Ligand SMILES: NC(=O)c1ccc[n+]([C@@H]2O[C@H](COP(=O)([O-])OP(=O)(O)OC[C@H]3O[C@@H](n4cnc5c(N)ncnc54)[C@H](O)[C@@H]3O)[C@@H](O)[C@H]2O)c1
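The form predicted alone is given below as one chain in structure tokens.
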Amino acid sequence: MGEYAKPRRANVIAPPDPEVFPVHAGKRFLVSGATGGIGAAVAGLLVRQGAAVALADLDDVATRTLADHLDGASAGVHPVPLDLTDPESIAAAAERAVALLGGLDGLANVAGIVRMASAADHTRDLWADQFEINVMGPFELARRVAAHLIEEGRPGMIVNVSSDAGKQGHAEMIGYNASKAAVINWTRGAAKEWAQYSINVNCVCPSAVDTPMLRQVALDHEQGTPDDLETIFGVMAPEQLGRLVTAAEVAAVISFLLQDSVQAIRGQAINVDGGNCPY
């Protein structure tokens, strides 16, 4: 018998272009990592769905530019400075979002980083950077938002962004893998503890999303192989889709999990990966 090779799809499933409805009319959300590929897609979708949104990110210029692009204060969109390595900045960002929007109904916890290195070269500082920004900072932000909701006696929704890396892991990303597994775990714990306050907590696990972060990962892989970027992207693309996942597709799932009607889905890690992860 010849060597087994899994055939790739002959066709590509086109990205959807669904009609947008005002499912978040009157709602107020804080989005962290708002200028990144997924964060910007989430912010834009929530605004189109009727929500007021506080855009939180480290890059003040990019955040203000995005707010202007989304019609700014006239559309209920406000930039908010946020440094996830600084607890005081996190507290200030949550307070600023509450003041600008008149309260909060939920949080899309999108911000994150990846540091590429082999396991043998994954030094303590790489672990610390990724856990600070991927785990501890987002949890502190969620804790602040939850505290506001509890004080106001208001139900709310929190959606974290993990990764399929937190379930199955990837080569040369051991710190990132572990940090995203931690996000899945604290999502479950927070969902259990905050259910008594009608606060729902879930996370999404994207994979192979066409964003600047994935391009950087591909560039890092390119240095160690003879393959070009397009070849690497082809390998990364989920087999069932025949293409990369779009940021808009991830945003749609996050928006769904932020809806009041989604109460029976709690503490879950929802894959948005084109069918790659089996659990």
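Fair warning: this is a prediction, and the values are worked out from it, not measured in the lab. Start at 1 and count along the sequence shown; that's the residue number.
As for the form predicted together with the named molecule, it is not shown, yet the points below apply to it.
A residue is said to contact a partner when one of its heavy atoms sits within 4.5 Å of a partner heavy atom; L101 fails this definition for the named molecule in the predicted complex, lying far away. The shortest heavy atom separation between T35 and the named molecule in the predicted complex is within 4.5 Å. In the predicted complex, the named molecule lies farther than 4.5 Å from every heavy atom of A191. In the predicted complex, S207 approaches the named molecule with a heavy atom inside 4.5 Å. Proximity to the named molecule in the predicted complex holds for none of A91, A97 and R144, with the criterion being a heavy atom within 4.5 Å. Taking I199, A182, I174, I133 one by one, only a single residue has any non-hydrogen atom within 4.5 Å of the named molecule in the predicted complex, and it is I133. Put simply, of L82, C203, A108, V77 only one has a heavy atom within 4.5 Å of the named molecule in the predicted complex, and it is L82. Of the candidate stretches 191 to 199, 118 to 126, 146 to 154, 82 to 90, only 82 to 90 has residues whose heavy atoms lie within 4.5 Å of the named molecule in the predicted complex. Contacts of stretch 141 to 164 with the named molecule in the predicted complex, defined by any heavy atom lying within 4.5 Å, are made by V161, S162, S163, listed in sequence order.
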